[in-house]
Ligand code: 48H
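In structure tokens, the next block holds one chain alone, the form predicted alone.
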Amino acid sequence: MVSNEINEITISKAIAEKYFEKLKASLESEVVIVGGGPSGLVAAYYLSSKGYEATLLEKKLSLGGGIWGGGMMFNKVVVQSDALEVLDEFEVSYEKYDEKHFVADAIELAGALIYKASKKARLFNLINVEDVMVRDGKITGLVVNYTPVEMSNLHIDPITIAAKAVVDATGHDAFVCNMLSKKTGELELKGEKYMHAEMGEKGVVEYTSEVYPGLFVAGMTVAAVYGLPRMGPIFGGMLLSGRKVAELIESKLRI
């Protein structure tokens, strides 16, 4: 007779076994995206939809980046008309404000991006990137540890994840690019500039690119690397940058 009793040890085994199945499968990924904000989530979704093994690493407990707080904790965000097709792809509702500006609910947008990406890619939270792996002038993977290890300043060695392509979508910090620059001296970061929404939105999409063999940038990382203006709570550029970096990586990996 099968028991219907809920068992604490069975619960623990289920969590541990299924988590480590996912982790083991991710240790050799085609693409690793660092940063679970809008551009990272969109990139993970589109790459996985195209059949690539995509793993996303977020150092914080929750994904979504800067979406949640909207503008100054008003949980509404703006998306320009150019990016509405991405909102439609993620089934996010929006209201027309004028011909160019459309308003979406910040919580719905964050939730939709996380949900859709999680159905396609392998998503991890609370994992921090400590270092990069470089072979023959190309980035080949990342060195990672749990975020609480860093927060507690514990001397615990990390593990590694191999990748054919890495996306730095860590936003203003441009963490992977800064680490690579520090370790190799081969990548110059110009630093994010003043507020100019129109220039920032256009530039972050235009300059989404491969900045070092195997390393791509998306979202606000683009601004930090190329010295572009910031843009505040308008998110069309973030969404389009995430889609563009997926297209660039697909083109490269297909060769």
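All figures in this text were calculated on a predicted structure; none of them were measured in a lab. Numbers for residues come from their place in the sequence shown, where the first is 1.
Although it is not shown, the form predicted in complex with the named molecule is what the next lines describe.
- Shown alone here, Ala169 lies within 4.5 Å of the named molecule in the model of the complex, counting heavy atoms only.
- When the named molecule is considered in the model of the complex, Asp82 lies well away from it, no heavy atom lying within 4.5 Å.
- Though the partner is left out of this view, Lys60 does reach within 4.5 Å of the named molecule in the model of the complex, counting heavy atoms only.
- Among residues of the shown chain, Lys202 is not one whose heavy atoms approach the named molecule to within 4.5 Å in the model of the complex.
- With the partner left out here, the named molecule still marks one of 23-31, 206-214, 51-59, 182-190 in the model of the complex; by a 4.5 Å heavy atom cut-off that stretch is 51-59.
- In the model of the complex, Val34, Gly35, Gly36 are the residues of 19-36 with at least one heavy atom within 4.5 Å of the named molecule, listed from first to last.
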